[in-house]
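The chain below stands alone and is given in C-alpha cells; this is the form predicted on its own.
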C-alpha cells in the first residue's frame, strides 16, 4: 500500500480508483470487497469518514478517500437535465449540466481532466448527442472519457450506430437508479490514477 499507516479495523473502507493501486490483482480485490454492504458500513466499518460515498466506490483495501466521480450531463430539455442531475447527485456524483453539445465542448475545453463521464441526450438541436460523441472520440485529449447516450426512442439502428462510434452505453429514457449504478462503475474505471 502507498499509505504510511496500515489500515485498522475501523478505518479500512474508503475509496479507491483501481485494485492495482493496492498491489493486488482484480480477483483478490473483488474477494476482499465482497460482503461490503450498506449494513456493515453503517455498523462501523466506514464510520463517519465518508458518509456520502456511493457504495460502488468503496474498497476495504484503501486508506484514502478520492473525490466522487464528475459527470457532465448534456440535454436540451430542462426537465430531463433536472431529472438526470438529481439521480446522479443522489448517487453522490459531482454533476455539471449544460443544454447543448456545443456548451459541453466548451466545458470540456476548460477542464476536461476533471470529467470522468459524459451522459448526453441523442436528439438536440445544432449538435446531436451522436455528433458530440464523434467529436469526443476524435479528440486525442478527450477520447478516454466514456460517453453514454440517452434517448426516449428505442431505435436499434441508432443504438448500434452510437455503440459502433464508441459510446459506452445507450440508455432508454427515463433513466432509472439502476442505470446510474452501472454508470458509477464506468466512471470509477475511467478515473485516472494519480
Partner chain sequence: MGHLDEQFRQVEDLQDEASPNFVEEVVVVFFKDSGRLISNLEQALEKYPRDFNRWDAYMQQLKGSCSSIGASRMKNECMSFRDNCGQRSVEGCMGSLQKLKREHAILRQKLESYFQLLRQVGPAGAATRPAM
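Positions refer to the first chain, counted from 1. This is a predicted model, so every value here is computed, not measured.
Although not depicted, the form predicted in complex with the partner chain is the subject of the following passage.
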Answer key: of 138, 126, 67, 153, within 4.5 Å of the partner chain in the model of the complex (heavy atoms) is 153
Pick from 98, 105, 95, 83: which residue has any heavy atom within 4.5 angstroms of the partner chain in the model of the complex?
-> 83
Though only this chain appears here, would residue 171 touch the partner chain in the model of the complex if you measure heavy atom gaps against 4.5 Å?
-> no
Residue contact check: residue 109 to the partner chain in the model of the complex, 4.5 Å heavy atom = no
How about residue 114: is it within 4.5 Å of the partner chain in the model of the complex, going by heavy atoms?
-> no
Going by heavy atoms, what in 69-97 lies within 4.5 angstroms of the partner chain in the model of the complex?
-> 76, 77, 78, 79, 80, 82, 83, 86, 87, 90
